[in-house]
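This document starts with two versions of one protein chain, written out as structure tokens and named structure 1 and structure 2.
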Structure 1
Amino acid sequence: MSRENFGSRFGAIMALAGSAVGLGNIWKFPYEAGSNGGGAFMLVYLFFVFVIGIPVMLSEFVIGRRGQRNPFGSFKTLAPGTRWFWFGGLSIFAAAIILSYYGTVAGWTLEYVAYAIGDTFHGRSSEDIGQLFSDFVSNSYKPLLWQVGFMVLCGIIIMSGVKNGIERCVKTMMPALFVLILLLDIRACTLDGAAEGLKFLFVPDFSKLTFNSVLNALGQSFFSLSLGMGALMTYASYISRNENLTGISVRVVVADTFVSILAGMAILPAVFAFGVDPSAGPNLVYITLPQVFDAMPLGYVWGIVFFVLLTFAALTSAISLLEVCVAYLTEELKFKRLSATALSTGVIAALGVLCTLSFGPMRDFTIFGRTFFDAFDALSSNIVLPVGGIFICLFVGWKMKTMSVYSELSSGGRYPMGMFRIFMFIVKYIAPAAILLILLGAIGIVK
């Protein structure tokens, strides 16, 4: 049976950009920038994105397109008779674990779309909005309904296949996402006092930069690009061999970085305009911003636009993670796509229930002192993703034949790669060392 591929270059780029662009860009990047010095943090982040991010992304593309299978199958095909396939399995495990708690946060976003439409935030103080958020996430059933509903929506898209499901979805949602975030930027940047927010974001003050800020910038670049999760590897296996992987990777990284910067421009100027602390952390989106929108002219409209935008970003990333698991079941265990999608969605949604209830009835159930949500987050972000990223680099840099890597990157010589030696040097030495630093910092060895 022939393997389904993306139908166009635009569809492939939108799918890969959709995988990379997610809550990490719109929810996490602004509060990371706000907490780590603004402009100086952003410069370091951009450096890591282009120096480390592109080579690691290309490494995933090489494995996925050359292997023509899911992460597990690609490693097995490219290194037969070895145990390298375990690292493909690690990517699939990472995708499932990340999506389980990602669905929880996406469920919150859906509830906030409903809040914004219902003008729930109007006239409430920050304490009231904080209590609203606390009451919602600790509720026994409402967060579950949104989380499971979000997973069902992902499943419906994935059931339709690569062209009719994933590609059709992202070709509509990604352009819409860019339009929505540009509208928010225009509104935020025309507020009185917005200039201070733009100055904070774009004028670097290196006195605010610490070693931890550099480490956070490195980690954010890795998480923002969806590296090590198996999604890019899986999507790359659907890209035609006639396409230029280097050109696609640059476009995807530019789109992802552009959205992160636009998210900062949409949020930080508004935060400064209304005298809010930019280092409010994860609460910035769900507690602080609703109050900011309420104080804005036409804030009702902008609140709806923002949370719809956040939902689009969550959905395009989530379907890429679900596809990793579905591709494994269909290709390695010979499931039909319908059965594979139903099983993957059901198992991940069930794990997600544990994460969702971690803020309510199951808050006292812990694993090594962490709730299920925090444990899954720590396991994936601090251990599984960095370990997977290191071995992806080692596989491309040391295990694969150099000519095979070049052949894949140049599409059989169609697109000569002038910086190939620099790419290989980074993949062999620089990227593994940088990712190891993330791992050591995450587990507390390096501070």
Structure 2
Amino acid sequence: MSRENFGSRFGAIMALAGSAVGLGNIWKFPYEAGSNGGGAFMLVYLFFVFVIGIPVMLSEFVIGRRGQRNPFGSFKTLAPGTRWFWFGGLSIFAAAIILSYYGTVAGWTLEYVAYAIGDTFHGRSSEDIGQLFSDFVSNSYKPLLWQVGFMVLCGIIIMSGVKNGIERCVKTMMPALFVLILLLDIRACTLDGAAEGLKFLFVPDFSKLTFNSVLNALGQSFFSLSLGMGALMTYASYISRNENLTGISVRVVVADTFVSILAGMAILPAVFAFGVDPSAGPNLVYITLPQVFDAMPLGYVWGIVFFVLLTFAALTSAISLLEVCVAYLTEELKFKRLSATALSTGVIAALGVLCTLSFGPMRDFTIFGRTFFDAFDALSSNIVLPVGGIFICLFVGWKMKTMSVYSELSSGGRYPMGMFRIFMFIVKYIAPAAILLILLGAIGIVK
């Protein structure tokens, strides 16, 4: 059976950027920066993105495009007779865990689109808006409907295939997202008191940086770039053999980082202008922004724009997670695309119910002292993705033949690879060692 590919270079870049740019940038980055000391967090984050993120992303591209399969199958093809394919199992596990709690937040976003359209924020005090959020997320069925609805939407896109589903959707949503976020930035940065927020984001105060914030910055860089679990590997297997992987990865990393910074610049100034605590955590965008929209001219329109943007961002990332599971089921277990999508969507939506209910009826149900939602979040970003990153680096750095890596990265000698040695050095030594050190530090083994 011939495999489907992305139809164009633009489509491939939009799909990869669509996977990377998501709730991680717009919902998570501002509150992570907010709770981990702002500017100092941002600097550490940027270091991880450019020094570790790009090489790990390229490694995923190499494995995916050379293997021409889902993560499980690619490892089997590239390292036959070994147990490397277990990594594929980790990918599918990670995709299911991430997507299940991702769907919860994406579901909130859909409800907020409805609130914005219904002008629900208008004339409410900040306590009222906070109450609106907590009443909604703790409701026993409403957030579930939205979460399941969101998963069905993802399923419909994925069912239509790589070109007609994924590529078509990202080619319209991603450009729209860039325009929308720029508009929001202009609005937020011209608010009275915005300067305070920009200072918080850009002027580092290293006294606020702890070991844990370094781990969070690492986890955030992997999460935001969609690294360490095979999502980009799967997409890379649909990139044509003629494309330059290095050029694509730099574009995707820059776009992703740019959107995170733009999101920080849209949200933190507003947070300061309205006297909200920047370390409010996961509910930051749902509680602060509605107040901001209500207090600005044409706020009704801005509110709709923002939550639609967040929905687009979430959708284009969620489909990349679902595709990992669907590619595995169709290629390894010979499912039809339709049944593979139905099965994956169903299982993940069911897992997601646990996360969604973590804010309501199941709030007291904890594993390792955390609710399902928090446990899934911490487990995936701070453990599974970094560990996955180590394996990916070790595979490309030590297991694959250097010639094959070179040939894949240069597309068979078509593109110059000036930095190849530096790349190999980072992938062999620096990235695995740095990730390991931070992980050990986080569990308290290294101080």
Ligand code: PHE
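Here, rigid core means the biggest group of C-alpha atoms that superpose within 1.5 Å across both forms. Sequence positions of structure 1, starting at 1, serve as the residue numbers. Just so it is clear, the structure is predicted and the values come from calculations on it, not from any experiment.
- The form predicted alone is structure 1, not structure 2.
- The Cα shift for G64 between structures 1 and 2, taken after rigid core superposition, is smaller than 2 angstroms.
- Positional change of A33 between structures 1 and 2 reaches 2 Å or more at the C-alpha, relative to the superposed core.
- P204 is among the residues whose C-alpha shifts by 2 Å or more between structures 1 and 2 once the rigid core is aligned.
- The two forms line up on their rigid core, and A217 then has its Cα shifted by 2.9 Å between structures 1 and 2.
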